[in-house]
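For reference, the chain that follows is the form predicted on its own, supplied as structure tokens.
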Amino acid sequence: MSEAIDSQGVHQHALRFFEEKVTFLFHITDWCNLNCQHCFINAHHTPVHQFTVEEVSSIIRDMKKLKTTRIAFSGGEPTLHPDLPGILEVAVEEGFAPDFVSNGTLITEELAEKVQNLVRCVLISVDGPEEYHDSFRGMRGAFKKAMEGIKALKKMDVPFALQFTVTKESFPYVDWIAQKASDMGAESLKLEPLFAGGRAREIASSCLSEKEIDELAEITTKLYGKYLATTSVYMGINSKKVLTEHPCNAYACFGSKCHRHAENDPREIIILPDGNMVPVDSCLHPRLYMGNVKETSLMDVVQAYFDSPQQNAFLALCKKVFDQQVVSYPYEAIPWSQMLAAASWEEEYAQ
């Protein structure tokens, strides 16, 4: 690491910054009003971990130095955070156009008006028709309340998008949700296959098979074309062709071997409600956590992460999973981050 000399002539290590652009998913609270079957952070009905506006402000200032291109705030349910508008305002003041992810049930016209000019888009989770959605979300009336929340956003001209968790049971509703998103005026619809992490381990049998994920990708392509004029339909998935031709997208390509000399900096980072910072996927094994922003600044976490045992272990995991699973994967649609998270808990990948 290069060094600089301060005004007193003392040698100081120069700060290192990410060379690649990065997006942050920032879970500002673990407080939630629902009991979703698939919650990967095991949210609570009372807040156990929650960030203050002051903490968020410090973290966002550091994000600005790290080539951050996008911030999305989540929870738990972020609308339960008493200072959500203030947090969004801090992000805007630092030059970001933030999103936030919500179950939609607590969004009122009053809240929509408060966030009107502070958010790029609100991502609302809708997982099927009313009966299925309420069951999956663990609360009767959740669907109706989410629809009321969307209505409030539309009235205040706040852009919104939909997210749909695809399970074996909800697969038949994919066409329905695409039509619903288009009819409602959603900017986009993200189809996200269920991953057996967190609370979802209890419903692992509802996860799609590799073949079903590939079928979903084909359906998504058709829906993208069908609704392109109104709503962008896409899937949270990777292409085998892209990953194998450009392994830097899977952190499996190193410097001079890369077609564009990409660095192995994480391009997606998650900050969990307890402050732990995770590369790529929230469900990675804790041994791969980058550090904790509740204990030290985000910038200090990043500086300590470069060339650390955690980073080296993460990159080794990526390379192993790429070599042993991606190259021989039988389908074009690859759930890369989910595959990586699952492997991180397996003993054979722990070394």
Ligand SMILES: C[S@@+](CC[C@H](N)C(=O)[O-])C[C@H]1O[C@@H](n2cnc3c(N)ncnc32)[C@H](O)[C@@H]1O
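All residue numbers are counted from 1 along the displayed sequence. Because the structure is predicted, anything quoted here is derived from the model rather than measured.
There is another form of this protein, the form predicted in complex with this ligand, and it is not shown here; the text below is about that form.
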query: Non-hydrogen atom contact Glu192 with this ligand in the predicted bound form at 4.5 angstroms; finding: yes
query: This ligand contact at His49 in the predicted bound form, heavy atom, 4.5 Å; finding: no
query: Ile213: touches this ligand in the predicted bound form, heavy atom cutoff 4.5 angstroms; finding: no
query: Distance check, Cys39 to this ligand in the predicted bound form, heavy atom within 4.5 Å; finding: yes
query: Which of 68-76, 112-120, 234-242, 179-187 lines the interface with this ligand in the predicted bound form (heavy atom within 4.5 Å); finding: 68-76
query: Single option in Asn276, Thr165, Ser206, Thr220 placed near this ligand in the predicted bound form, where near means a heavy atom within 4.5 Å; finding: Thr165
query: Residue among Leu84, Ala200, Leu272, Cys248 with a heavy atom within 4.5 Å of this ligand in the predicted bound form; finding: Ala200
query: Residues Ser102, Asp127 and Arg137 all lining this ligand in the predicted bound form, heavy atom within 4.5 Å; finding: yes
query: Residues in 304-331 with any heavy atom within 4.5 Å of this ligand in the predicted bound form; finding: none
